[in-house]
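Heads up, the chain below is alone and in the form predicted alone; it's given as C-alpha cells.
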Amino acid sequence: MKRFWIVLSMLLLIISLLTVSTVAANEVIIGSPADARTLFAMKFIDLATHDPISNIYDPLITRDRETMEYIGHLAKGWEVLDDLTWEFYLNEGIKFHNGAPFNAEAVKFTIDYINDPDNEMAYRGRYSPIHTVEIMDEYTVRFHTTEPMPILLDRLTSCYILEPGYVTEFGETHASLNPIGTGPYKFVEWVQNQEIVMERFEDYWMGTPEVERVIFRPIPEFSTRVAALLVGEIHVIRDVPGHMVARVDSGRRTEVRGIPSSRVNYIALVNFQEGPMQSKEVRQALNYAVNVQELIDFVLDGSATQMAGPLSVINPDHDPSLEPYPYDPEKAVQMIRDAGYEPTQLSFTLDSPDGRYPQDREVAMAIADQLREIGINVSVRVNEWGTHLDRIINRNTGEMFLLGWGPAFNAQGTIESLMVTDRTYSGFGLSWLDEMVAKAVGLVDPDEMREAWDEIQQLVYDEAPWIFLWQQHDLWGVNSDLDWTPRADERVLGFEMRWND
C-alpha cells in the first residue's frame, strides 16, 4: 500500500510539472479530433482544417464575438451599390508574413483562384455568383455578381486571403504545406498526424498576440483527448462528451465552458441510387422509427436539443411552426409497407466517423439498433474522419451517413450546401427542390426571403432527406488558467487567448 502512495505522489508531481511547464512556455495546445487535410485556405470545408487556417490567414469580414453581427476585418467597410454590385474598402498597411502587402490585388486573386474550376476548390460553389472582382484602386474592390447575393457577407467571413506572389511562384502544393497569410500566427511546422505548430506574428496589424505559440494536436479518440486535457498535455478541446462533463469540471485545472450552438447533427438518407431511399414514405418512416429523445438522454446525457427540420432553433431562419417527428415505430412499419416494402427486406449501410462529433460512433450504433427493432438490417461502417469525408465527397457512402454542419446562421448555408444535388457534401437531390433553392438565394426583400425559406423548410421536412437528429450543445474543455471564452461561430483563435497570471 505504501508503494502505491509513493507511485501516486510521483505521478501527481509529474502531472503538476507538465502543466506548469506548458503554461510557462506561453503556448496553447488545442486538441483536435482530426488532422488538417491541408493548410491552403478554402480548399476543403472541414472544421479540423479550418481551425489552424483561421489563425494563419485573415478573412475580409468577421463576426462580433458577442452579437455575431458582421464587422469589418481586412475590409474596414462596404457598400451595396445595387443588387449586383458591392464595394469593399480595405484596411491599409497590412503585411503578409513574408512582407508582401495586402491590397486589392490580393482580394481579386483569391476570389479568382477559388472560382477557377481547374483549382478544384471545395468553396467554389459559395463564391461562384461573383463573376468579376474589379480593382478600383489599391484599397478598393468592387464585386459584380451574376445574381443578387444577400448572403455575400456571410460567405466572406470564411474567405481567407491568399498572397498572390507566393502562390504564383511556389504553387498550391507547396503553399498548402508552408502557408503564408496575414493572420496573427505564422506557420512553423506541420508533422502530419502529430501537430501543427505556429508562432505569433510580431507585426500583426491588430497588435502582437499575447500567446507566443499555438499548437494543434490531432487526438481522434474522445477519452484520450479528455485524458490529455486533465493531465495538462493540452489546454482546449471541443465537444466534451456529456458523461465526461463532471470529470472535466472536477479536474485540478480544468473546467467545461458551454455556449449555445447552431451546429446540427443528422443522418443523411442518400437518394442518388435506385432503391428504397428514393421513396419519401421510406425516408419519413425512418424518422418515425428512431427515438431521438432517447438517444439524447441516454447516449448524449442530455447534451443536445431535438431538431424539427433542417435548422437549429437558434438559426435566425428557423421556422418555429415545425415540430419534431414523434417516435412511432408502428407507423414506421406501416409506411414502409405502404411504400411497397417489408422492413425485413430493407438492408442499409450507415457510415459514421469516430471521434469527430459527440459520441458519434455510439450514436450510429444506437440508431442501427433502433432500426433493427422494426426489422431493418443496418450495418454500421466506422471511418477515420478523413476517410469519412472522402466517402461523402466521392459519393461512396452507404445509403445513410452521419454528419454535422455548422456554424449555421442562415437557411441558405445549410439547405443549399447539403440538399442541392451537385454540392460537395450533399447526400440528396431533387430537381424541383434545386430550382426552388436557386430562386430563394437571389431574393433580397426580407419578407420574400422569409416566406421562401419557410416554404422550403416545410417541403424539406416532408421530403425527409435526413433523419433529423439534434442541435448540438457546444461543451468545451478548457484549462482553467486560460482566459478564453468560446464563440458561437466555433472559431478557436489564439489571438483571443491569454494565460492568467
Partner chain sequence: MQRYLVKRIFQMLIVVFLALTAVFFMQFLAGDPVILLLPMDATFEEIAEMRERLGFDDSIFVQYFRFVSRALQGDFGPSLRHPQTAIQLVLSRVPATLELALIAVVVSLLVAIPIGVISAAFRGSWFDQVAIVVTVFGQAVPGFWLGIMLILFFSVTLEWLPTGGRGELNNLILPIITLTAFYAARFARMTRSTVLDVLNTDYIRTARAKGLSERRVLYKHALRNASISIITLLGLQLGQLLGGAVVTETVFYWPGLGRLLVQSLLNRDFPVVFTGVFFIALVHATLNLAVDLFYLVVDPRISYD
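Positions refer to the first chain, counted from 1. Remember, it's a predicted structure, so these values are computed and weren't measured experimentally.
Just so you know, the form predicted together with its partner chain exists too; it's not on screen, but the next bit is about it.
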In the predicted complex, does each residue in the set V282, D328 and Q458 place a non-hydrogen atom within 4.5 angstroms of its partner chain? no
I'd like to know if T173 sits close to its partner chain in the predicted complex, meaning any non-hydrogen atom pair within 4.5 angstroms. yes
Partner contact for G125 in the predicted complex: its partner chain, 4.5 angstroms, heavy atom: yes
Distance check, E105 to its partner chain in the predicted complex, heavy atom within 4.5 Å: no
Look up in the predicted complex whether F109 has a non-hydrogen atom within 4.5 angstroms of its partner chain, and give yes or no. no
Which pick from A339, L322, A227, I135 sits with a heavy atom within 4.5 Å of its partner chain in the predicted complex? A227
A464, I61, A36, V441: which sits within 4.5 Å of its partner chain in the predicted complex by any heavy atom? A36
With its partner chain left out here, work out from 137-145, 96-104, 228-236, 368-376 which stretch has heavy atoms within 4.5 Å of it in the predicted complex. 228-236
Under the 4.5 Å heavy atom criterion, name the residues of 368-402 that approach its partner chain in the predicted complex, in sequence order. E384, W385, G386, T387, L389, D390, I393, R395
